[in-house]
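Okay, so we've got a single protein chain in two different forms coming up as structure tokens, structure 1 first and structure 2 after it.
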Structure 1
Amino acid sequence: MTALVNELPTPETGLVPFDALSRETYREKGWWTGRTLPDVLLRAAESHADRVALVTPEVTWTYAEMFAEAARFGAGLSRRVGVRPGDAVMFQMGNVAETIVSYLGCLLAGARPVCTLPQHGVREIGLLAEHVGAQVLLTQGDFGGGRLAAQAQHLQAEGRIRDVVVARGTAFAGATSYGEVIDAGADADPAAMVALLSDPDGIAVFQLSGGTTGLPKVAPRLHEEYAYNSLAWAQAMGYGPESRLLYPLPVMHNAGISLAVQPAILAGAQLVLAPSADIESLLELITQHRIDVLPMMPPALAIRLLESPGANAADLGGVREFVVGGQKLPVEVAERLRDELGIRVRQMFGMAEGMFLLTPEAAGEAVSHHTVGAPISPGDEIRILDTFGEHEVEDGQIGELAARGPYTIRGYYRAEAHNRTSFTEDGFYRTGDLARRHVTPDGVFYSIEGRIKDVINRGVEKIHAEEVEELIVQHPSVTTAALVAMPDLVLGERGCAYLVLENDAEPLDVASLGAHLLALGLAKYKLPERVEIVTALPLTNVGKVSKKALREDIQSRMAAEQGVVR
């Protein structure tokens, strides 16, 4: 019998265990089940085997069909590509059925999906693969005109990835095709595969944090807690076998897996995977599949919906749950959704590290328009901390949101030094977000009031300023650089680079700076969208670059350009 490699918590793995008392409590309460994630998912799928599980433009699969295909993929991955239980497998796949099959297939085979996004560049994929020790990369051949396959081929040629599996497209020399993997696992049985797995305490999935400095940190999601995260969400949202969910964002992101894919399976609901977030196609899918749940609409998409000539209250009338999250929702947008499209929004706050908050279904607008609600599990604990992270601030005051609970990580993977500052001594994760606790007669709710961490939230895609700055200063003309958020009506924020140049250097602009960063393998969505050349960067009184001063500077420059007197 093959057991999952029991990865002991050591500085080397960076796997910080839940303490024995928490584990015991979480199991006593029934939040944790002592079973692996694929076991929990498969049992749920077996109980609604004939219901429709997944709809894409190419497939309509029942739960039985989806898990049978996933088992073939998982078994084939072991036989054809040599993936062993405990191995990390990189994903660079879009919203297609093959992505769901390979994700579930990896879980059934005891392998650990590494949930990178198709937007990531060769630099991020290479460094992350090295960090988690991944040897295998799954890629989508027809994505972005072959861009992902080209990245995979490049990484394999450099010896940074051993095996590449190409879905939807011709496998290049040295790669294996998705079809070959499926064929190699033709006789696989999901239940038999799950029976071989043990170690519910171990890592099931690697998610990427949107909330730290430098390269995205890796959030190790453990079997029991990740399964519970999805169950708690399905319960909070009231998903059931009749629910029909539409998910239009990159599905491998934690939000896709934890708000849509896994909760849908646990509830026996139907998931319609939208290949893109184009509003007109989303409207078509909503009517065609009688969608009643949109589990995560970023504000940017909500704004595009409001601006779309095709959107009207009648067509959206069947949408029972319209959840906006991932970024601050401007109150005016919530009001316009109500007035123009008859939509009552619910807000959520979520993160790859765990903790989800959600406004209650019956909440009035004071709560649903102005807060992100309350945590979804009775086991969730929240503290609003002072600047030193030591004491809680008074109710109603702004402080750093810190979270602990049955599905919030206790440490990043192999990031010992970072873990010392990101977690309190008693295991609360310091989110780097600013929040306020509101104690009301109807309950306790939280609002998000800003951010301490140096991250730009571009339509929910996170850009870590430090990562981009390190690459900008590799340009021979640049002495120092700072990347800050500039306001954007639709995306919320976009990146603006302030540059100090070497004497006599040719001035850089958005295009030449972008070309430099792309050549270093940076993802396109992280490229600065405005460049300001300055003679010096403003400093704080302790001599650090003052991002606050730069954010104010760019805001007043933009206001002046629009002729607004501030």
Structure 2
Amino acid sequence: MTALVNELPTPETGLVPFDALSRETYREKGWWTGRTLPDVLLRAAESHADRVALVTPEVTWTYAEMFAEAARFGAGLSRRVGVRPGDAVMFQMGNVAETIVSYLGCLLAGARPVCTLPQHGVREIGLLAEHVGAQVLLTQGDFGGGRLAAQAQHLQAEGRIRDVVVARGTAFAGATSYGEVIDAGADADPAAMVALLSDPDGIAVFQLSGGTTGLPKVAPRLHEEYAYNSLAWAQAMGYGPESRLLYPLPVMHNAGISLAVQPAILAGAQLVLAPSADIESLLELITQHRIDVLPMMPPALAIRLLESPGANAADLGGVREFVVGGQKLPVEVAERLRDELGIRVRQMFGMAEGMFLLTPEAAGEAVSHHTVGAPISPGDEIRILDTFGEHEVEDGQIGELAARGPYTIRGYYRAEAHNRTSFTEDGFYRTGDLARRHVTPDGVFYSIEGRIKDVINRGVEKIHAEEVEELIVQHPSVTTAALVAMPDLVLGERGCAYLVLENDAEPLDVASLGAHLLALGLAKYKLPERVEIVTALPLTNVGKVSKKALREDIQSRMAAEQGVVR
């Protein structure tokens, strides 16, 4: 294996360098270490070699065992598949031990994991592979009844992927099995592999932007900044060798890597990887493994936990950290978790591009129930910008959240057009999230007030969906709600409310919902002009309400009503 060669920043790659002053400051502060990500992870693992690192339904591995297996896989990728340092390697795997081994193995080999999700289709994987120049795809053969393996075979047959490695299933003709890769790297030494990697300024991992639509937006996570991202989170959460984390969401998403996998390694903690987010299974795992940390629970899963018949009977007393993120948590849900299950909630906000915010451990409910807290690093900088992105708004006013710091990217990969609009001239990332700064006697905290694009343009008036949703869920009959735009020939868009109601609740219509909202002081022009009652809201791959699916649904309903064939 040859030493990893530095990839110089160019407009094409979008690998925007941290300026010399920032780099020097981050290293002086000890946030950056001058070491590669696999070096940092391996050193931590060596200091906890005999502790349990990973638990799945099939394996219980110590840190020594997990990294030995990862080294075998990484060396096997080089010898059997021809992966070289700097190569991008596509992932399409679920929450299994082989995923963790493959991820760490790629890092040890100097390859760059491209963290896609098993829910992605042929089109998305093909576009992303072309975008980052990947020729190798790691797939899980038994996921979705063989769907991922069939996709991989199709991509390889089209010539869009050169090599496919199949874990947990029979490799098809032309593919390589996971076992063959492991066997090819049988004598690998992780320390020797790390010693060959000499570029802490280069790209370590490719993560997908949570807001990706159309052409890919890929966040190039650099070695030092991605390592620090995970370390800062572990410190903010108080992870230690006795911590037991449970992670049920797709582990190759940025949240899985930077909230769970890497922070657990850096702290010597135990990670229990849940195969799915099924609530009854999660309750069983919490009891069986004495889980004390759930680092990411979307509001939808928190609500399902409350609705679970087994939740009240489960022993949840050992759960000291229950972190909700991904979307705004209704205050009523936080209060029910407290009152019915004895769970104290902390909220967080994070993104594949970097910045994490977290409510402090000692914060009162005014902070933990109504904000997402403060940045996790003293090096983080936040601005709340006006509509034009030029000036900061006053404290307490809504504006666009912009972030800069030691683990926030400075540019998307090969996306010059995106970078021109997504970053300020002095390197602040414009998130597209609406936020508000709250200056209190206990500190400065931030609340997320929706997305700029999650705005309904009703004629000349703009309706922020989350503002209306927060008031809708105060109705005693409503469990959860989502407001989306529906097309209108006159006004351009009007609001349609999707409601999930309590059992046996009387249905709400436009008039009764409008009366409720008017009584709470909402302006009349913001009232939903259509109501759809559903049993559940559709979710994205990472547990967020899929507004895209709802917009498509209302368009289909309206087309059917008008006799239009779509």
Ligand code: AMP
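Just so it is clear, the model here is predicted, and its values are computed rather than measured. Here, residue number means position along structure 1's sequence, counting from 1. Note that the rigid core is defined as the largest set of C-alphas that superpose within 1.5 Å between two forms.
Note that the form predicted in complex with this ligand is the one shown as structure 1, not structure 2.
Relative to the larger rigid part, the smaller one is rotated between the two structures by 162°, as taken from C-alpha superpositions.
For Lys453, the CA shift between the two structures after superposing the rigid core equals 3.2 Å. Once the core of the two forms is superposed, the Cα of Lys548 has moved 13.5 Å between the two structures.
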